[in-house]
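For reference, the chain that follows is the form predicted on its own, supplied as structure tokens.
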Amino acid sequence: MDMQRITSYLAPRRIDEALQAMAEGDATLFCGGTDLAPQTESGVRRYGATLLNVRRIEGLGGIDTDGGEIRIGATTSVGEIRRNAALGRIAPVLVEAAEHFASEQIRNAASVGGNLCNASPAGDMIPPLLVLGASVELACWRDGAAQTRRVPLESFFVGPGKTVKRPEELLTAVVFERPAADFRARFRKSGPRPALEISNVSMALGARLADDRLADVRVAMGSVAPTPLRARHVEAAIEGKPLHASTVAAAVAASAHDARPIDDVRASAWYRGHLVRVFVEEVLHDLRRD
């Protein structure tokens, strides 16, 4: 059994304690465990010598919506995001994605930091955070002190299950600027069932909408490439354009240049490409009705 490799268990209360433990190497981070448990049981991942529970670290959770920058601590659960009234007003697309995340039990255990670090192409919270222009904060212990850097979320993922986060780094928060008053966004997800299912395709679109034109457009897709991605061709097709039927048609056509789906046990590449086109059209028609 792989858990026999674990020789120590730590549940620090302070972030510096966690960072020092990570600097020593061979530590496996544990928060909600909703990804870690099935991955280790299936042999995809192996436990390190130290099992490091970060759930109890003071200041690593919580949602701060008071300033111009919104900050969500890494150990904040998806359920907390779903229930946060301020986020519902400021960034409803994020709450909408949380509504479609697994089941109530899993939402209350799964952390936003874990969902990002798992780096699944199908990670539900990733597309809405991409359209919000989010960045992640990464901390490590160096030269006797905690050092922090920020990485734009769109640069964070480098492959399935792979990110730019170094082994000694801890993701401490995800941050994004408070959206403008005229910012509108939508989220779509498709799976065999409405809940408790990995998405076949997910998509989020966000933009400022004024005088029937879209500006500062961001479109993100999941489950259509090795990593979640920004759909640059779709963005270019609608940036600054009037939200007319011809613009919608151009965006739908452009989606074929962004999505790179594959056949697997959950869906065919053709079906995923079809869903992308349907979602782009649906979301833009929704915005036309706003």
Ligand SMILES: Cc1cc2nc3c(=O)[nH]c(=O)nc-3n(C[C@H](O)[C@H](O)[C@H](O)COP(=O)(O)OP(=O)(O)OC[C@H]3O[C@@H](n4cnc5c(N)ncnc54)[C@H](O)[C@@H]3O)c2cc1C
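Note that residue numbering follows the sequence shown and begins at 1. The shown structure was predicted, so the numbers you read here are calculated from the model rather than taken from an experiment.
There is another form of this protein, the form predicted together with the ligand, and it is not shown here; the text below is about that form.
Visitor: Heavy atom within 4.5 Å of the ligand in the predicted bound form: which of 110, 207, 174, 91 fits that? Just give me the one.
Guide: After the contact test, the surviving option is 110.
Visitor: Go through 71, 100, 186, 218 and name the one with a heavy atom inside 4.5 Å of the ligand in the predicted bound form.
Guide: It is 100.
Visitor: Do all of 106, 122 and 198 end up near the ligand in the predicted bound form, with near meaning a heavy atom within 4.5 Å?
Guide: Yes: each residue has a heavy atom within 4.5 Å of the partner.
Visitor: Tell me which of 249-257, 33-41, 218-226, 231-239 has residues with heavy atoms within 4.5 angstroms of the ligand in the predicted bound form?
Guide: Residues of 33-41 come within 4.5 Å of the partner.
Visitor: Could you tell me if residue 45 has a non-hydrogen atom within 4.5 Å of the ligand in the predicted bound form?
Guide: Yes, residue 45 is a contact residue.
Visitor: Does residue 243 reach the ligand in the predicted bound form, with heavy atoms at most 4.5 Å apart?
Guide: Contact with the ligand, no.
Visitor: I'd like to know whether residue 82 contacts the ligand in the predicted bound form, with contact meaning heavy atoms within 4.5 angstroms.
Guide: No - in the predicted bound form, heavy atoms of residue 82 and the ligand never come within 4.5 Å of each other.
Visitor: Is there a heavy atom of residue 190 no more than 4.5 Å from a heavy atom of the ligand in the predicted bound form?
Guide: Residue 190: no contact with the ligand in the predicted bound form.
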